[in-house]
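Only one chain is included here, represented as structure tokens and corresponding to the form predicted alone.
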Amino acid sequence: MPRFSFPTTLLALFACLAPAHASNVDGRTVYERGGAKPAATACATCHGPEALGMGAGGFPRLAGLPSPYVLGQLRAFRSGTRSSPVMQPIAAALSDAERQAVAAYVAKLPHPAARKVDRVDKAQGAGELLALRGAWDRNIPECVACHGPGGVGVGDHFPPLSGQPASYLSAQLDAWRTGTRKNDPDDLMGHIARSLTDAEVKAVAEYFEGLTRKEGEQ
């Protein structure tokens, strides 16, 4: 009969059980009901039952955001490089498994499609000009250069802008301006936000909010 030392056997048991426990975390449950700790409140409370955001409160759409991007933002809230009195305690209370599960869940949720306007399209009005042309006299690139045609998002680091509430987009530009959000490479968004006027912030935020296709629109 083989003989095992107690510590070795215990470590082997933990190694087998830990992944199984993590894989049992359900992202939908975390989103709709919250995490295991009381401070990890339900995401749906602020972001809506379908994760499409709540414009009146300035809460963004999460549906369809890339999972690595959502995880990155949760880490930023935990570390304080992105400041929010609402999100910081929630992000701190979620376990690693809960963060991964809820990020994977929201990434797969349906969301409205955006009209894929780009730099070649006609632009008029302050918001549309900034989105499609930028303001290169102030070293402000067009938004679609990084966030993709129609602001649909590119990869894991440039999130969708289209369909996000204007109140949320304006608040984030203000956060980049004041330094309460500073989790971008080389302060790119900080430079852009500080270069915009209040009227331009409002205009470009409203432009992207209205860019998602309405039902039946081509």
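So that there is no doubt, residue numbering starts at 1 and follows the sequence shown. A quick note: this is a predicted structure, and the numbers were derived from the prediction, not measured.
Heads up, the form predicted in complex with heme C (HEC) isn't pictured, but that's what we're talking about next.
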{"query": "Heme C (HEC) in the predicted complex reached by all of 30, 147 and 169, non-hydrogen atom within 4.5 Å", "finding": "yes"}
{"query": "Contact label in the predicted complex: residue 128 to heme C (HEC), heavy atom within 4.5 Å", "finding": "no"}
{"query": "Heme C (HEC) contact in the predicted complex: residue 188, any heavy atom under 4.5 Å", "finding": "yes"}
{"query": "Exercise: residue 105 in contact with heme C (HEC) in the predicted complex, heavy atom 4.5 Å", "finding": "no"}
{"query": "Any non-hydrogen atom of residue 111 within 4.5 angstroms of heme C (HEC) in the predicted complex", "finding": "no"}
{"query": "Stretch 123-146: residues contacting heme C (HEC) in the predicted complex, 4.5 Å heavy atom cut-off", "finding": "140, 141, 142, 143, 146"}
